[in-house]
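Only one chain is shown below, in structure tokens, and it's the form predicted on its own.
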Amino acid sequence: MHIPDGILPAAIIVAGYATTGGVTWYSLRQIKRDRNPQENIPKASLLTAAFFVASWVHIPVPPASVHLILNGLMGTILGYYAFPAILIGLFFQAVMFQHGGLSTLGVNASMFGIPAILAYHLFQLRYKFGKNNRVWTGIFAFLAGAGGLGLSVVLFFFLVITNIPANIDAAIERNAIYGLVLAHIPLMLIEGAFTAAVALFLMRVKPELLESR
């Protein structure tokens, strides 16, 4: 679902980098407010690697094939660490596997990273129902995992459907975009369930890992 080079106009590319720069600055500012920012770096590094490798896991959903994104999971577990982690993962995906592109790195980072931060805040709503309530932790983890990907899909759809290049058949491209978006609906359920499973496992064995800023 990465947006490649050559699709978006220059104005959106510049806006994407500006947005990513601003959100990265804000995220780092929030991270610095943590009592020990370095403590979560190993966890962020591990999930950055998982985000990087997830692009290799393809799931056939006729008529398309989709791959894991895991931005909702990253937001749930990492909090504000998720945005710089996703940015780094996207950079290496673009350089090593040509997933996305360097010109669209800012747009892709905002498209995946901002929903990750929103997923984190959604997951924090579990505290309203009790910090150690496993049922509500699982529910909000599922919503965060599915919702993080779902919002990214909506942003992807808006960006590509409104910027179809003039040198390709618009009708064919629109149908391809519709198919790709629909193919991500079952993936939302998969990522929601996976995020809930990870959150419940961590809650049982090491609950402090769910306490990221």
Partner chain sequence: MNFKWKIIIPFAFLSVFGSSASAIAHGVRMQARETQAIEVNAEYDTGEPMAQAQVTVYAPNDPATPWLEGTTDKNGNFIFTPDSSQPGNWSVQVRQAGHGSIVNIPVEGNQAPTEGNGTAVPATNTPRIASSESANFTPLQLILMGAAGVWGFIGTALFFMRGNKSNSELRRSESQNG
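Residue numbers count along the first chain shown, from 1. None of these values were measured; they are calculated from a predicted model.
Beyond the structure shown, there is the form predicted in complex with the partner chain, which is absent from this document and is the topic of what follows.
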{"item": "Option touching the partner chain, based on a heavy atom within 4.5 Å in the predicted complex, out of Leu102, Val135, Leu125, Met96", "value": "Met96"}
{"item": "Contact at Gly21, Gln30 and Phe140 by the partner chain in the predicted complex, all three, heavy atom at most 4.5 Å", "value": "no"}
{"item": "Heavy atom contact within 4.5 Å of the partner chain in the predicted complex, the stretch among 113-121, 126-134, 71-79, 85-93", "value": "85-93"}
{"item": "Contact of Asp34 with the partner chain in the predicted complex (heavy atom, 4.5 Å)", "value": "no"}
{"item": "Exercise: Gly6 in contact with the partner chain in the predicted complex, heavy atom 4.5 Å", "value": "yes"}
{"item": "Proximity of Ala176 to the partner chain in the predicted complex, heavy atoms at 4.5 Å", "value": "yes"}
{"item": "Contact of Leu182 with the partner chain in the predicted complex (heavy atom, 4.5 Å)", "value": "no"}
{"item": "The partner chain in the predicted complex - contacting residues of 147-179, heavy atom within 4.5 Å", "value": "Phe156, Val160, Asn163, Ile164, Pro165, Asn167, Ile168, Asp169, Ile172, Glu173, Ala176, Ile177"}
